[in-house]
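Listed next as structure tokens is one chain, alone, in the form predicted on its own.
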């Protein structure tokens, strides 16, 4: 067996011994007396009886050895600022924030909602929460008032931490009016609001409720706030994720399991080491920002870069400039961001010294092979895809570089990660598909490993019914994604089970068609959706962004390119998968985190209301599709 195969098998055959070993990677105030309690499935409890603190593991324990080393590097190309905080400086700022929270009446177990741009104070707030045993709920900065209100109502925070505004592409986005409207709409009324004034937007204060951070910080400059030791099973945070139906789900995460899972992942997956620099280009409003901007790198004793800005501003080389300047060793981004960079001058990839960078990890959506090949050729570094969810908190599928260096297969996020009993199941019978190259639902047999969600916040029933009862006859966790596994154990994700297109009885995954279309040399990006059709039930409709749009105003040239794309799909997948139309657009509708809004595209194509679009980055993208469908 290979080294990784042995490592993986041991994690499944003797999980208590395996995870007891991983638990030594973190500091405990009280050692756990039971590794896993799975007496009430699917509600597994990890490291029962243990007490620890997430902030202590991220900051305090590193002070003796690396207090003067960089911990947090806050970079904003929106405000042209860069500030490096050492572990000692971060320790002081977090204690000032924690003391301010206490002064505003926050106690252990209380919730704090954080509605912030990508600034250092947002990191202080998250770390201050877990320092005092409060539970944070971060909402992506700039979310619309209605979406914010629903999260305030569900989380029931005693305090909201926010700012006057954020900035995107050099344009200020005022947060305070959105927050005030959300507070008006919400049936739950937080007692206090703590505000960071960046000087970007007006900041009207509500007397008795609103407090300025600069004032409270001055009062607590010398604050010393010890870490609150909490049970391993104490919730560290909730993070809301949208579903296909119903209100957003508050994914609830524990403390001990999460801390151990992140510490282990930094070593075994990312091959990351203390004193190095980690750069994740995500936002703290998403799970990647929690796990691999704030907690994971700091737990590992690394410096972490927190970036506010676009990947192409001031130019398409800004990220590589930061890699050179701060000697980044591990970088984590999203396929969407790389596709954006793909439209920039490739010379930017060679303009900086990237010798410190060992690997680029990508996740958030399927990574198509052409994009993977392009960035691999450009950087000359390992490109490692990984697949996971808000619900799991850390990767389910990837290459575990720290255990054994193994090749990536472009188009595949890799193999099952240690601790995860990943299965492919028949969606009709629930039977396991053990042979290679069979298409099934990607599922995980319980108990879920440490770090995964405990439950849905205040809704255990929804946790069970949503995640554990969708596969017939089995209590297994469903990812709601289709996948196949090849003979070498590499998985390929084929798209959501609810994004399957049923064309005249043939079940087709949108990902398969998108992969084929993306291979055309003039296609930069593509989204495929299933659209209702009276004859076939559904047909595939493709929307593509071209690399070179010159001449596409000419109808004949447009039709020629459309024909070429259809021939490509015919060749790769057969005529049954050929899209009814391939429409060319300037950009695709996406959320601010870069996920394609396929359901909104589908709704517009079918003449339905696309629903809640508060996370959409640029509304003109959907309008383009509306106009095309009317033409």
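Residue numbers count along the first chain shown, from 1. Source: prediction; values computed, not measured.
What comes next is about the form predicted together with a small molecule, which is not displayed.
In terms of contact with the small molecule in the predicted complex, the residue from 516, 479, 455, 304 that brings a heavy atom within 4.5 Å is 479. Screening 228, 164, 283, 391 for any heavy atom within 4.5 Å of the small molecule in the predicted complex leaves a single hit, 391. The small molecule in the predicted complex is approached by residue 386, whose closest heavy atom lies within 4.5 angstroms of it. Although the partner is absent from this view, residue 317 stays clear of the small molecule in the predicted complex, with no non-hydrogen atom inside 4.5 angstroms. Put simply, residue 287 is close to the small molecule in the predicted complex: some heavy atom of it is within 4.5 Å.
At the 4.5 Å threshold, heavy atoms of residue 262 stay clear of the small molecule in the predicted complex, well away from it. No member of the trio 70, 277 and 311 reaches the small molecule in the predicted complex with any non-hydrogen atom inside 4.5 Å. Judged by heavy atoms within 4.5 Å of the small molecule in the predicted complex, the contact stretch among the candidates 358 to 366, 444 to 452, 119 to 127, 154 to 162 is 358 to 366.
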